[in-house]
Each structure stands twice: as structure tokens, then as C-alpha cells.
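The form predicted alone is given below as one chain in C-alpha cells.
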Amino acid sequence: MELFWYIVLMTMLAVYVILDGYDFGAGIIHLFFAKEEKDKVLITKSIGPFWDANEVWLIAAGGVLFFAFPTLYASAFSGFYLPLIMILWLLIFRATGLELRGQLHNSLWENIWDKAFGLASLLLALFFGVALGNVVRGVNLGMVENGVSTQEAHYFFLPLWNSTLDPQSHQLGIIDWFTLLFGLISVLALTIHGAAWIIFKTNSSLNSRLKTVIFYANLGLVGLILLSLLLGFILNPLPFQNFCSRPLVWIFTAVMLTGSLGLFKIRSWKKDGMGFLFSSLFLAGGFAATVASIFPNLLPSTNTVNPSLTIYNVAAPEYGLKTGLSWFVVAVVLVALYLVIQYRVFRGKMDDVDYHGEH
């Protein structure tokens, strides 16, 4: 049952990355590339009916984490308390930017909420990438000092950064040069994803330019990924052992590569939805390959005193996991029904769709 709920949790997180990821990307495009009012309105319309529903996947994933892996939930929400609060505020600012921007037609008012929406989207993409980098790097579980655990084996706390920004430092920070690299990869990947969504859902005058942005951003993304793999192997070759011991993991890598190669052809695809399809494949494959590289760990330990948190030593009792299965089936049916209705109602281009955030 632990493996089943692990797959459920990671699938929900992957869906969140894909769905809310295009919202973040659209906000980044809005911040840096949308200069004309008509383009800003179209970008907002492209995500207007979807963004709040997309965020539910993060809440649902948190619920599954609390239910299936309560020890990990307690550990992560205390250890990452500061960045989680920052993410919460950024989600609030992004939402208020979208909702309040169109309530008053005044250039100062609109500029303030444009910046709130764009900057919050950019920082959210960065922080979620940094968070993934922390999971890959690991944390000092038990707050070990001089070979002695000063706290419970599953407890840790990280400041935003340490003085050296060194991922191998004894006193780790959330932001170091390794996790920041993951953050930059996330920003580029979600910028591409958001641009592909805008092309797919609108006839914006930016679309032709966005295809060029996608091509060159994808080029930079490939370079950063290769750099992260090299540095990751130098820091800790252990995660790469899963790619040798479990050959099926290479399927995820193949999906990521397919997405990346498809994005390089963005300017030649005739159908507007192809870019979004390949960016989704890239995100899904990249996320799956990353979490598979540390399986069965959910949060690696950087010390040898306390073991890593795995799907087996942080899971809820078997009875609870089995009982939750029946409720999960009901939830899956309801969510699938909702998604089908939502995306059928708002299929096609969104140029003429009224969004209540714009008047």
C-alpha cells in the first residue's frame, strides 16, 4: 500500500506541476513580454477559468501527504516552514493580482497588480524548483552536530541560506548554488510551458515571438539540466544508482527527452497545441525521473546518524492506507468528471471568453 500511495502522491504533484505550471509561466510571460493592453488581457483570459481549480491539486496532494505519510508531513512542514509561508503569501499575491487588476481602470492600479501577478508567478516557479533541489540534495535530519543527533531523527530546520551557499556545508540552507540551479531550471521550464499554453489558447500578437522564446529558452534549459546532472553526480552519485538498478526509470528520461526535442521544433508545428503537449511531456518526464532517482527516499538524510525518510518508515499504518482507498476511488471519479466538464466547456481559443477579473 505504501507504494500505491507514493504513486498517487507523485502523480498528483506531477499534475499540479503541469496544470498550475502553465499559470506560473503565463505570469512570467505577462511580466516580461506583454507590453500592450490587449496582450495582457488575452494572457489573463487564457488562464482565468482554470488557475484556481489548478491550485486544488496542491491542496489535495498535501491532504494525501498528511494521510498516507504523516511523519514526512510533520517533518517537511516544520523544516521548510519559512519558505512554505513565503509560498503561501506568493500564492495570495498572484491570486489578488489576477482578481483585482480589472476592478478599476486606472494605469497605476493596473500596473501594481500586473507586477504582483508577474513577480509572484516568477518567484513561485523559482521556489518550487528550489524545493525540488532540496529534496534531491537532502537535509540534516535530526540536526546532527559532531556526530550527535540534537533533535528527533525526523526533525530538521533550515534557514533561507547559509553564509557560504555551499550544498555540502554542515549547516545547510534552503538556497545554495545547487538548489538555486534547480530553481533556474524550473523558471525556464515553466516559462516555456506558459508560453506554449498562451499559443495554444489565444490568438495573441505575441504568439509568433513566443515560439522563438520557447526555442531559445529550451536551448538554455538543456544546458542547465546537463550542468545540474554533472554537478549532482559530483556532489552525490548515489541517486544515479537507481538508473542502473531499475532500467524502467529510463522511460521517464525518454519522455523528458521527447518533450525537449519536440519543443525545438516549435516553429514548424502547424497545430498550436503541439508546443503545450511537448512541454507537458517534458515536465512530467523530468519530474518523474527526478523523484525516481531518489526512490524509495522521500527526503534523504545528509548525515549517517539518522536514516533518510522513505515511503516505508514514514507511512501511516496499513489499516488506514487500505481504508482510504475506497474514498480515493470516489474522489478520482469526481475529479475526473469535473476536469472533463471544465476543459470541454473552455475548449478552443479563449480570446472571446469573458473573465470576471477583466471588465
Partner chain sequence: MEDMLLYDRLQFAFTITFHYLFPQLTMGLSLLIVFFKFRFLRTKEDKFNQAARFWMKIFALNFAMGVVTGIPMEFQFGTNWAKFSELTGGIIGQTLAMEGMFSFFLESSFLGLFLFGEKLLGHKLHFLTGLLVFLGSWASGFLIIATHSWMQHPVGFEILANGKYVLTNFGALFSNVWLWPSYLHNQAASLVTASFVMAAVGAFYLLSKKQEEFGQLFVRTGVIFGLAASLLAAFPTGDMTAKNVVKYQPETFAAMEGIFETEKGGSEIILVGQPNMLEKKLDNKIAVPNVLSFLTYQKWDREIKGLNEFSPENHPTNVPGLYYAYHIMVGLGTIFIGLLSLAAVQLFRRKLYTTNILLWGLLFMLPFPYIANTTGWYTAELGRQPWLVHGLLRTAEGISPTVSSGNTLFTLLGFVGLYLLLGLLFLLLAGKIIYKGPQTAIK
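Numbering follows the first chain given and starts at 1. All of these numbers come straight from a predicted model, not from anything done at the bench.
The protein also exists as the form predicted in complex with its partner chain; that form is not presented, and the subsequent description refers to it.
*asked:* So, Ala34 and its partner chain: in the predicted bound form, are they within 4.5 Å at any heavy atom pair?
replied: No, no contact at 4.5 Å.
*Give a yes/no on whether Phe182 approaches its partner chain to within 4.5 Å in the predicted bound form, heavy atoms considered.*
Heavy-atom contact with its partner chain at 4.5 Å: absent for Phe182.
_Residue-level question: is Phe66 within 4.5 Å of its partner chain in the predicted bound form, judged on heavy atoms?_
Because a heavy atom of Phe66 falls inside 4.5 Å of its partner chain in the predicted bound form, the answer is yes.
*Does the 4.5 Å heavy atom contact test between Pro49 and its partner chain in the predicted bound form come out positive?*
Pro49: contacts its partner chain in the predicted bound form.
*Location of its partner chain contact in the predicted bound form, chosen stretch of 266-274, 194-202, 143-151, 114-122 [non-hydrogen atom, 4.5 Å]*: Only one stretch passes the 4.5 Å heavy-atom test: 143-151.
_I have Thr11, Leu231 and Phe233 flagged as a candidate spot, so tell me whether each of them has a non-hydrogen atom within 4.5 Å of its partner chain in the predicted bound form._
The answer is no; none of Thr11, Leu231 and Phe233 reaches its partner chain.
_To verify the annotation, which of these, Tyr216, Trp177, Tyr81, Trp250, has a non-hydrogen atom within 4.5 Å of its partner chain in the predicted bound form?_
Selected residue: Tyr81.
*With its partner chain left out of view, which of Leu224, Val255, Ala95, Ala131 would have a heavy atom within 4.5 Å of it in the predicted bound form?*
Checking each option against its partner chain in the predicted bound form, the one that comes within 4.5 Å is Ala95.
*Would you give me the residues of 158-184 that have any heavy atom within 4.5 Å of its partner chain in the predicted bound form, in order from first to last?*
Heavy-atom contacts to its partner chain in the predicted bound form: nothing from 158-184.
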